[in-house]
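This document opens with one chain alone, in structure tokens, the form predicted alone.
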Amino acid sequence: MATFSTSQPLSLPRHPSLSNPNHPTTNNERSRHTISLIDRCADLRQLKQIHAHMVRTGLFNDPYSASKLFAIAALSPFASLDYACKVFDQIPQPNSFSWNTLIRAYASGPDPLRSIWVFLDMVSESQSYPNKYTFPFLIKAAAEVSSLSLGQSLHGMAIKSAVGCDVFVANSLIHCYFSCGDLDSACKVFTTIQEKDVVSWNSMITGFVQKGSPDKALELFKKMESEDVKASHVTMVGVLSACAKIRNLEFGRRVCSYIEENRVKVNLTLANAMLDMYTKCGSIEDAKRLFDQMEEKDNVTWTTMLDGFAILEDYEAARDVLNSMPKKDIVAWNALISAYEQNGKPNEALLVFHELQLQKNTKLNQITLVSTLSACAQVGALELGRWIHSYIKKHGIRLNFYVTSALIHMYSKCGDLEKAREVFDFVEKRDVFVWSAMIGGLAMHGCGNEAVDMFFKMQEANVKPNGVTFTNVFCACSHSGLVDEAESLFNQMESSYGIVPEDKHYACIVDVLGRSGYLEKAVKFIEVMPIPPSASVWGALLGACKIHANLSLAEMACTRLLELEPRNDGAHVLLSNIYAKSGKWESVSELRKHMRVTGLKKEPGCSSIEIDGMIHEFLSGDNTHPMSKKVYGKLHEVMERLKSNGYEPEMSQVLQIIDEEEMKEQSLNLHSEKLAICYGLISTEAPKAIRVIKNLRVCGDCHSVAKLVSQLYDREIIVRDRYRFHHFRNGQCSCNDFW
């Protein structure tokens, strides 16, 4: 260990009592006086003055005085572990208290495992033996690093030392086993405690909540009540957290009544837990009432209230909370950005992010970046996504699995697959989410074979796939017509990977079969499903019927879909389009009349394009954009130039009853993706790619126009529609499953 020298000059200010001329004269008096000075120390410099005084007067040889000094050096608010080690090395024969204190200090420090080395020194170099105060600190260290094997070893040593059943040791073991994910061992230790204290119950309740078993936490609380164990505020925090997780407002209200009836001390932590329970369970009125009553509030309080309004999509109220906060921290900003992003309002999320950038002394963290990257992915904000990536590099932010996955997802959904690959290749450690994100990126860009290859490389890397991985690889198979590969993997999901197929996986297989023309096989697959077919399953079949113009099967699929979701506007529109392509205009009229009567409206086509970091949106026939005149002027120029090079409008794509050919052509020209492409042409110069995001499927005529524009204007055009990407370059398109 380290050595300490008393030859160095002492730091000021000196402890005022050390220069007192009326010092006690006997050893006992000096010892008591020195200990009282140690207890009154205000900072490390004063402690060092006392230390030097003890060395000069010989008081440091008194084991009790030395251990007292050492404990303050190691555990006080102004503790210094390095200095404490130097003090410890000076103690001639450290007693068990000193050894336990050093173990405790290391277990709570930045490198908890060093406490194990101290423990080994204690056993091998001294006459002190581990006791019931030693093991809780060692077990805490094992919990901090989530080392199950170390925890089990310490458990065995505690049993051999006859302290395994001690309540303090047992409580530490419960916490350790939960931290390591071994719930069964935690439960076994709990049952062995003969005289459980409230900490024993709290450790179990908190452990169940943190490890995703809130129902068990509530059951244990009921048992605790039945055994007349008086709950503490820690118990209540755990139980309220369980209620929040399972959205059990009734039980949560009962807990709040229990707190009041049993006069449980309500500190700020417990009040915040009550508030969190109310907001998570959707009882915003209860939350507001409690919020207004709270005399003390911290940023957690304000952010919880903000979250509550955001959950209910009351963004104006959430914004008011943010504006009213005495001190806006990054957690509050993250809450609002995340709320917008997760509720399908990515543009609003990005506006909040831009406002956050203007705040002084507010540093972006990984949560900020993940939420903002997800919003960028939704709207195709590639330039902002690139800026965030540069920010990560510039500020040395660690690329954890979440940030890495978000970057891959952003680049993939914004059309830059090569950059997504670059991020994937850069990181050495990849978890299932990183692999799944890359497989998903390949899927949406039509790289089916590469996605399947990556699925198997993932297993070679000993990373087990999850349900999302299979969804992504099935989508890849669907866009590339890899029917055999998809069926083979689906059949292995449960037997080889232990993953029970869910509704989304069945819908994917129906899509794989349907897109490839195996409609009857898809129907038979649905008929033998072990779970009732959902709307997504019938929707996949209906979409396949449109591709292959199977009217009778489409009517059946649509009927089943509408039985489950009567107000599904997409299903009505899709069937209407199938009728229109088949020339059944009477059926089109009847269906659209039904939509008018029932108040169903078709989702309008909307295309967006990012220019200089700003997102510009266009609806079909839109004239609200500030540059509409220039856009329509460019559109006229483009269409005339295309016609002179042999382009003919695909009138079959006009799925309305329009008699005049000129009106049909005008209807086609007003599609939102054409407007967005024209805005890209007048706002950027070659060779910059034009990237457009479409909320619906790209129609055949727009597909043809994009190909010709890429050739005649020598521009790469990348369009992402609801299903996948279309890359246009030199008059060619990379997609192989457009229809």
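Each form is matched to the other, and the largest set of C-alpha atoms that superpose within 1.5 Å is called the rigid core. Computed from a predicted structure; not experimentally measured. Sequential numbering from 1, following the sequence displayed.
There is another form of the same protein, the form predicted in complex with the DNA; it is not shown, and what comes next is about it.
- Using a 4.5 Å cut-off to the DNA in the predicted bound form, not one of 436, 479 and 516 places a heavy atom inside that distance.
- Of the stretches 499-507, 350-358, 205-213, 615-623, only 205-213 has residues with a heavy atom within 4.5 Å of the DNA in the predicted bound form.
- For the residues 400, 126, 645, 390, the 4.5 Å heavy atom test against the DNA in the predicted bound form is passed only by 400.
- Proximity to the DNA in the predicted bound form, defined as a heavy atom within 4.5 Å, holds among 472, 272, 115, 405 only for 272.
- Of the heavy atoms in residue 199, some are within 4.5 Å of the DNA in the predicted bound form.
- The DNA in the predicted bound form comes within 4.5 Å of a heavy atom belonging to residue 67.
- Using a 4.5 angstroms limit between non-hydrogen atoms, residue 608 is distant from the DNA in the predicted bound form.
- Mapping the unseen interface onto this chain, residue 258 falls outside it, with no heavy atom inside 4.5 Å of the DNA in the predicted bound form.
- Contacts to the DNA in the predicted bound form (heavy atom within 4.5 Å) from stretch 348-378: 365, 366, 367, 370, 371.
- Taking 2 Å as the criterion, residue 72 counts as shifted between this form and the one not shown: its C-alpha moves by at least this amount when the rigid core is aligned.
- Annotation for residue 394: C-alpha shift under 2 angstroms between this form and the one not shown, rigid core superposed.
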